[in-house]
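Quick setup: one chain, the form predicted alone, written in structure tokens, and binding and motion questions come after.
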Amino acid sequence: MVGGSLAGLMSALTLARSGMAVTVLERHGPKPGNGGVLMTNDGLLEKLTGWNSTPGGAPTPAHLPGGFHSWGAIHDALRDTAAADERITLHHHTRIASADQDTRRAWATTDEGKRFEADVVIGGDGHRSVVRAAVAPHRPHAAFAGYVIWIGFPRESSLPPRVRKDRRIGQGAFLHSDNGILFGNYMPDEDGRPNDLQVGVGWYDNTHNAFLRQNGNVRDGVVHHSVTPDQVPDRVWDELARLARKDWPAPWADVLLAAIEQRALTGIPIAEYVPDRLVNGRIAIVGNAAHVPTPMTGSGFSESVSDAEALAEAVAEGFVPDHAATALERYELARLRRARSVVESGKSFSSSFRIDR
């Protein structure tokens, strides 16, 4: 399994549940960072692992009740559960440069030349997937959708007193302007600071595409990396502040202005990828490696769960190493049409939202 983020870990857990030994190769450390807020169904870990499914069964080592959680909390629960499964081996700080196969084996090779061989290689390595090139060499890259989302998580204590007292913060926000869309809400309290919550804000912005290209975040229509705060020049911070004041009402303009003043917004250029295949022989892709919808669909996480389940079901029907491709073909048959449909539904929004500047 190339990739130890959410899709990779969920797929590793379902494959282990099916009786397979899984090696997870993740380029980051055990705590790769944070993201937004995601909704999980109650019993997700039990569903993925099969643990605690019968009276007296072993409980999962992590606790993840249904509801809203931060990306980091979900990742931690999946990672801890995978680490406790003797059928799963985790390798962190392992950057994969390529994947390939022959008639009997598949393998992933690191940027240092180390080769990991297995019956199958599954790419769960995100929208900039390396493994995708081995599955769909004719279309290895996700395309820039034409806009960026600026994400920030200012602490409540960093906001002006009048904003902290504004009850509208607790009601959340879903706002539109001429050139933007804004989401905002309190983050779940998962770090033991109930009196100083983070306010999560996401601002879809279609006015800084030229900056993304000049900065190298987008090259030749492909998203290469996010915009870290240290890459944002003062002129862009000033532009963002001006737009925040112009486009957004209180208290959300104030939340954005606080994050801008703290230089604490990260820009994520949005990518999209409609797959025409998920499998090539002994190599398959899941999650954002397989299908990249705009986050506006709200479906990325749930579709990754479905990928993991379908992959395990395909293997459970019968996995013979000499005919591994047959099992992976069952996975593709179960998931390809749905994956294409989800991404296409988001592309209609992107076409109406993006502008050429």
Ligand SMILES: Cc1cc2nc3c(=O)[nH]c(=O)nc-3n(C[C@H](O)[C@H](O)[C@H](O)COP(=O)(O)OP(=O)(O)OC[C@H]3O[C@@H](n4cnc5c(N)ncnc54)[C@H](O)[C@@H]3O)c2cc1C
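Every value quoted in this text rests on a predicted model; they were computed, and no experiment measured them. Don't overthink the numbering: it's just position in the shown sequence, from 1.
Note that the form predicted in complex with the ligand isn't included here; everything after this is about it.
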Option from 43-51, 328-336, 297-305, 312-320 whose residues, in the model of the complex, bring a heavy atom within 4.5 Å of the ligand: 297-305
Distance check, F116 to the ligand in the model of the complex, heavy atom within 4.5 Å: no
Close approach of R139 to the ligand in the model of the complex, 4.5 Å, heavy atom: no
4.5 Å heavy atom contact, Q198 and the ligand in the model of the complex: no
is_contact(R27, the ligand) in the model of the complex, heavy atom dist at most 4.5 Å: yes
Residue (of L159, L212, V130, A253) lying close to the ligand in the model of the complex, criterion heavy atoms within 4.5 Å: V130
Members of 36-52 lying within 4.5 angstroms of the ligand, judged by heavy atom, in the model of the complex: V37, L38
